[in-house]
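Before any questions on binding or motion, here is one chain by itself as structure tokens, the form predicted on its own.
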Amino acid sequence: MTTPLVAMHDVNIRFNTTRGWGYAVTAVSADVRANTVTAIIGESGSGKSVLGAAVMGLLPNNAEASGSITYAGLELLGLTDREWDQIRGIELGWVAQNPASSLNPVYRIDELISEAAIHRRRIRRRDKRRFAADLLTKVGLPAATGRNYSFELSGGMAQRALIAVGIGLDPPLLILDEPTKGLDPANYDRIRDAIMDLAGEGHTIMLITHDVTLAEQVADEIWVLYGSRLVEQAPKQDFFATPLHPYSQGLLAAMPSRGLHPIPGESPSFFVPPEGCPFVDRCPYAVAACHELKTPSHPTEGRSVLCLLH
């Protein structure tokens, strides 16, 4: 079996807040294979972005993480700031979900794109415009965009510029957090195409998204998070043909193309320690044993599901 690029084992992440401990990620074990697009889907508060931030070493100071996350065999949890400086941006790229807050409005786009490459001595300062122009072209923007400031760009252009910043050092792994959020259809298509182009060039991508349709269009693997737990993992074709977990089934049924049927009930509280299947209070098939279920089953090769039905 091919060694995964990213391997997670029993990852738990919680936050110390003024209201007590909040539970964001619980007992997640999964692998990301090289040269694939893994889409992490689920509703707000499920733990998607927190898991991505953990891979990047960007958890806030009030976070407590345990378990193991390795990248190419290197344990990421517990790295020092100096060690992170050696791999963040070079091996692991991060594209945040809000260009307005992520692109510094004081600097031109070409300066934002080239800054890390200049710092790492990959390019000379006098070559920054050409370097930025090449990356902007790669994400479907005119080279002249580099002379603009972020506040001069539309939302879709700013999002693509942010992707250009993220790939400036050509990291093998790229984590995209809600890259199509709030975009109109034309810019949505451009971002989708940029993701597919990056995948075609050999980048391994972790795509964090609410957009199940986008996941269906670009992903190879699907992870479904709900209530801090990974409730299903499957190859894309298998997942969309036969979702196994009742939450996954409800998530697909809520898509406009499948009838727009909302899932009844409320998500579990962030402050209640998760025990068993987190979907138990909303599941029409729930039985008493679901409250104690902690270990996923593997009904077929390459699939896992946290459910007693399989």
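The model shown is predicted, which means the values in this text are computed figures rather than measured ones. Residue numbers run from 1 along the displayed sequence.
Although it is not shown, the form predicted together with a small molecule is what the next lines describe.
- Between 277-285, 55-63, 30-38, 244-252, the stretch whose residues reach within 4.5 angstroms of the small molecule in the predicted complex through a non-hydrogen atom is 55-63.
- The closest heavy atom approach of K138 to the small molecule in the predicted complex falls outside 4.5 Å.
- In the predicted complex, E178 approaches the small molecule with a heavy atom inside 4.5 Å.
- Put simply, G45 is close to the small molecule in the predicted complex: some heavy atom of it is within 4.5 Å.
- T295 falls outside the set of residues with a heavy atom inside 4.5 Å of the small molecule in the predicted complex.
- Contact with the small molecule in the predicted complex holds for all three of A24, S49 and F270, each having a heavy atom within 4.5 Å.
- Of the listed positions (T145, N187, Q97, T204), a single one reaches within 4.5 angstroms of the small molecule by any non-hydrogen atom in the predicted complex, namely Q97.
- Listed residues H210, R129, R192, R122 were compared with the small molecule in the predicted complex; H210 is the one with a heavy atom within 4.5 Å.
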